[in-house]
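Just one chain follows, in the form predicted on its own, and it is written as structure tokens.
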Amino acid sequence: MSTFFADIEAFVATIPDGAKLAIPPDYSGVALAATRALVRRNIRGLHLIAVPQAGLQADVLIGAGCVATLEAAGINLGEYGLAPRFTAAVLAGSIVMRDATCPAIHAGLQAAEKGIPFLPLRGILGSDLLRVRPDWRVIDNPFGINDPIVLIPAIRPDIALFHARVADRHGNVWVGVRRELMLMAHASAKTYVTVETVQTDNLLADPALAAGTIPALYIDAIQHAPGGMRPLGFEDETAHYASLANYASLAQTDAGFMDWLRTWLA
């Protein structure tokens, strides 16, 4: 059963140092209120898994020293360019970077979702990624002749963390067309969700909403956090663009990032 938490600090209290944490891209539902609470708590050693890429959330966690390992297809701020704290950390070698592709991240999570050790993937063949990812193995297709295929090992996050528009009192969470959030919940040992609203009616009882709803079976923790994505927003919201541009400018330097962080945490 899903547990509803009264405050954001209690909500993140059971996310331990060193957790393998799956997070979505900026456009998909980013739990920034929870991220702020994690930074305040001085969490350390996270293994971030971007599904399949990330932006502001990952950059802030990296800049705040919370991340030891990052597995991602990319980290950027969209039209505002490279994620500055991520870029600085990679250049300095202060985090372990596990390069991936969007299909590879999804394949690894789908393997975990299905309870199998790996999934085959073809598009990586011929790329440099096979040189830097020795855990991705190339075998001969057992059903073909001279037909190599890449095996992507299952990715099993400890916790999936994201923000959604609505949950119900039964613990079901509606994510609409954001299927990567559903995949994260299925593949992870636990799922933590902040939400804009909590309604009384059962989401699964509404045929128009049920297909886009993650059942409470897969949801461990829910926090009612209106505005929990700020300074980001959902795909149909644009008010956050100025805030993101300001961050992209300030975070180019360590000092600028720390000034932004102190204001954000206040």
Partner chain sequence: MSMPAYTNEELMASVMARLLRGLRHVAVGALSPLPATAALLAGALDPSLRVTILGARAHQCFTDGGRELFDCAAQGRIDAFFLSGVQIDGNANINLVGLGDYAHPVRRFPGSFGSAYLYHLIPKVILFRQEHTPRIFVPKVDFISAAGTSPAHEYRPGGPRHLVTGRAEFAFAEGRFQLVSVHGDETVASVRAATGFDFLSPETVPMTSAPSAAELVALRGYARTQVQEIYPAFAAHAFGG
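Keep in mind the model is a prediction, meaning the values are calculated, not measured. Numbering follows the first chain given and starts at 1.
Just so it is clear, the following notes concern the form predicted together with its partner chain, a form of the same protein that is not shown.
> Could you check which residue among 139, 189, 116, 125 gets a heavy atom within 4.5 Å of its partner chain in the predicted bound form?
Contact check passes for 125.
> Report whether the minimum heavy atom distance between residue 103 and its partner chain in the predicted bound form is within 4.5 Å.
Yes, residue 103 is a contact residue.
> Taking heavy atoms and a 4.5 Å cut-off, does residue 213 contact its partner chain in the predicted bound form?
Answer no; every heavy atom of residue 213 is more than 4.5 Å from its partner chain in the predicted bound form.
> Residue-level contact is defined here as any heavy atom of the residue lying within 4.5 Å of its partner chain in the predicted bound form; does residue 78 satisfy this criterion?
Residue 78: yes, in contact with its partner chain in the predicted bound form.
> So, in the predicted bound form, is residue 162 in contact with its partner chain at a 4.5 angstroms heavy atom limit?
Output for residue 162 is no: heavy atoms all beyond 4.5 Å of its partner chain.
> Every residue in 217, 249 and 257 with a non-hydrogen atom within 4.5 Å of its partner chain in the predicted bound form?
None of them does, since no heavy atom lies within 4.5 Å of the partner.
> Pull the contact list for 58-90: residues with a heavy atom within 4.5 Å of its partner chain in the predicted bound form, in sequence order.
73, 74, 75, 76, 78, 79, 82, 86, 87, 90, in sequence order.
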